[in-house]
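Shown next as structure tokens: one chain only, the form predicted alone.
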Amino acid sequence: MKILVTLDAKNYSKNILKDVARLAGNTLADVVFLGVQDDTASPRQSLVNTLLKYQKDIYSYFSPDDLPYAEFSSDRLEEKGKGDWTISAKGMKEFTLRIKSGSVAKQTIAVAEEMNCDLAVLGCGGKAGCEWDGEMNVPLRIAKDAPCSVLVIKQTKKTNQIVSILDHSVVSQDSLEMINQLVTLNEAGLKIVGVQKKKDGHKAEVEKRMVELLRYYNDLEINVWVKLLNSEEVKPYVTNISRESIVALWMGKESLIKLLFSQSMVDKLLETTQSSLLILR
């Protein structure tokens, strides 16, 4: 697994480091820290120092015997191209710092695709919806267009329930594992909500899929509840439960949920949720 973490110097970035460390440790993942700056002349030293500090913070969550990452041989970044610098350390797993110039959302999406990442993670402020310093709608644009799953951590408060909204589309094993990790990290219960089109004849198919998922999670000894909704019930239900629960939405290309949730609806969820939102691919 490879995790991309987009970071700046704000508190919403600092506050997600513990969750990133636990997620990386649980999955034994390669980790990429990405910082994005406006100018292209050279990597801004303050941004480099911030990422190096965050890297040491992540390492501090591991005991020396359990740390799967190596130390950097130097703090000097190599220039990969115009407006693109990197440094990496290879232990049992790889840890990379990347500095890019340009738009935060565009560069996050580009790096996620270039480096074949499985998950992109970022925080956001909560004073005015889900804000990112210096650029509007960053989490929304990343969640909408990233080639991988996206975890937006709005607050690091404890939640006791993960609500996964799944329809009858093909659900990947990677997506199920992402949900497993959220349950483990938060020591939370899991509710799986199936979605069917009203009177479309798919009820039996959705119910069969729900039973399969129930067996899958029971085998993992994860407490799980199931619920079945008609498509017109999904939006108000998700809006309501997102205030307290972490919501996981399957948004694959063939997903009914992708049709139900417009860009404005996902934006509304990012504004109203008080915990995290996981967009599954």
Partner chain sequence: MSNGQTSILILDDEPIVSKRLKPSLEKKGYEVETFTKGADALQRVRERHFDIVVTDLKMEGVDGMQFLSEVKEKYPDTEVIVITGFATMATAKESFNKGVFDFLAKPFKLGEIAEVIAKAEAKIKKG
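The term rigid core refers to the most C-alpha atoms you can superpose between the two forms while keeping them within 1.5 Å. Numbering follows the first chain given and starts at 1. None of the values given here were measured: they were computed from a predicted structure.
Here the subject shifts to the form predicted together with the partner chain, a form of this protein not shown in this document.
Colleague: If contact means a heavy atom within 4.5 Å, which one of 98-106, 112-120, 138-146, 76-84 is the stretch that engages the partner chain in the predicted complex?
Modeller: Flagged stretch: 112-120.
Colleague: Consider the chain as shown here, without its partner, and state which of 71, 133, 177, 205 has a heavy atom within 4.5 Å of the partner chain in the predicted complex.
Modeller: Selected residue: 177.
Colleague: Given the partner chain in the predicted complex, answer whether the residues 159, 242 and 277 all have a heavy atom inside 4.5 Å of it.
Modeller: Spot residues vs the partner chain: no contact at all.
Colleague: Consider residue 50 of the chain shown here, and say whether it contacts the partner chain in the predicted complex, taking contact as heavy atoms within 4.5 Å.
Modeller: So residue 50 does not count as contacting the partner chain.
Colleague: Would you check, heavy atoms only and a 4.5 Å threshold, whether residue 41 touches the partner chain in the predicted complex?
Modeller: Although the partner chain is absent here, residue 41 would stay clear of it in the predicted complex, with no heavy atoms inside 4.5 Å.
Colleague: If we define contact as a non-hydrogen atom of the residue within 4.5 angstroms of the partner, is residue 26 a contact of the partner chain in the predicted complex?
Modeller: Yes, contact at 4.5 Å.
Colleague: Given that the partner chain is not shown alongside this chain, does residue 59 nevertheless sit within 4.5 Å of it in the predicted complex, heavy atom to heavy atom?
Modeller: Answer no; every heavy atom of residue 59 is more than 4.5 Å from the partner chain in the predicted complex.
Colleague: Where, within 76-110, is there a heavy atom within 4.5 Å of the partner chain in the predicted complex? Residue list please.
Modeller: Read in sequence order, the residues that approach the partner chain (within 4.5 Å, in the predicted complex) are 90, 92, 93.
Colleague: Under a superposition restricted to the rigid core, does residue 184 display a Cα displacement of 2 angstroms or more between the shown form and the other one?
Modeller: Shift of 2 Å or more: yes.
Colleague: After the core is matched up, is the C-alpha of residue 32 off by 2 Å or more between the shown form and the other one?
Modeller: For residue 32, whose C-alpha is compared between the shown form and the other one after core superposition, the shift is less than 2 Å.
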